[in-house]
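One chain follows as structure tokens, the form predicted alone.
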């Protein structure tokens, strides 16, 4: 397999710049996931790597070779799309081996390599079937097999599981993780699904409006987001944000959150500065109203079995706050609670969304 380097890669459609000077290095055998909101450029960036779109500026290097202006067929990459794009009139074996047949590989070698790939993907018993006789997960395995058999240097996945139901997505995430472990392949994976990104990736690349906001291991992005955008995008349910103002009194510093205040240790902040306090739902502790940093009223309770989600109204924020709780807690709609916000678990952002 191979490493991948993007140097100042840009892409413009007409007067619209959709990819803006992206720099990224992917190590040999690494599994990197691109995430971001719809329209952020993650699929376009994948198409630039595979050669389906031409780069406006910059370089794409695969295994220390500049492939920026090479045709897709010359880049030794394989792309798995959201749609399976299988030939309906061909069997599973014929679909998997189709690329080798076009390349005029000897028939005996094709048969041997198809069996090898089928074994890796555990579809040996399906080789004689047509696509219409397969489930969605089986079709996606066949589509992946068609890529594996080419023995590419880099695998590119463009939201391959989005057409599957929730239960099947879980199964296929496990299959893709197993595949990566077996092949030790370099893989780039595009998804909008938080769970896919967090569970599959060695590193996550968070994209926004054609730019990279942050690159890091899943837990690093979750615990140490570089800015408000990353903090709000990574994690499900999303981080809570509460608008406030910095105040000082008796040589101590506070964040005023509506009618409430919390003491903070941010000596670099100036009094009067408008900030937003971010905190994850699982880091908010429920206490008696008189003991809390904030007081809140329970508006909605979602009981999810292993946990419950509380959605709370508070005078400190116009938005409902989300709190993750133990489902065995006896909390009712309309109840008033105290919420304790540990300062050590809070993230502070300025009005531009920068970490302060």
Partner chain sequence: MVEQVATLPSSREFNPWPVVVFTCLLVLAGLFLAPTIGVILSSIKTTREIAEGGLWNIPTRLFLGNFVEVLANPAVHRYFLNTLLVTLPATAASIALGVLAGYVFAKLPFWGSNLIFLVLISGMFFPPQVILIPLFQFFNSLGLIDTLWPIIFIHTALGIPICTLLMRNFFATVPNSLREAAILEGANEFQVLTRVALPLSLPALAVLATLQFTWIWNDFLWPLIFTQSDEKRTIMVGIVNLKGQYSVAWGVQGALSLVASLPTLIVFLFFQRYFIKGMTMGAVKG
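Residue numbers count along the first chain shown, from 1. Predicted model only: the values in this text are computed from it and were never measured. Basically, rigid core = biggest C-alpha set you can superpose within 1.5 Å across the two forms.
The form predicted in complex with its partner chain exists for this protein as well; it is not shown, and the discussion that follows is about that form.
Heavy atoms of residue 79 reach within 4.5 Å of its partner chain in the predicted bound form, making it an interface residue. Mapping the unseen interface onto this chain, residue 47 counts among the residues with a heavy atom inside 4.5 Å of its partner chain in the predicted bound form. Its partner chain in the predicted bound form comes within 4.5 Å of no heavy atom belonging to residue 70. Remark: residue 131 counts among the residues lining its partner chain in the predicted bound form, judged by a heavy atom distance of 4.5 Å or less. Contact with its partner chain in the predicted bound form, defined as a heavy atom within 4.5 Å, holds for exactly one of 107, 252, 89, 270, namely 89. Contact with its partner chain in the predicted bound form, defined as a heavy atom within 4.5 Å, holds for exactly one of 163, 182, 245, 195, namely 163. Heavy atoms within 4.5 Å of its partner chain in the predicted bound form belong, among the stretches 112-120, 207-215, 222-230, 97-105, to residues of 97-105. Once the rigid core is overlaid between the shown form and the other one, residue 132 counts among the residues whose Cα shifts by 2 Å or more.
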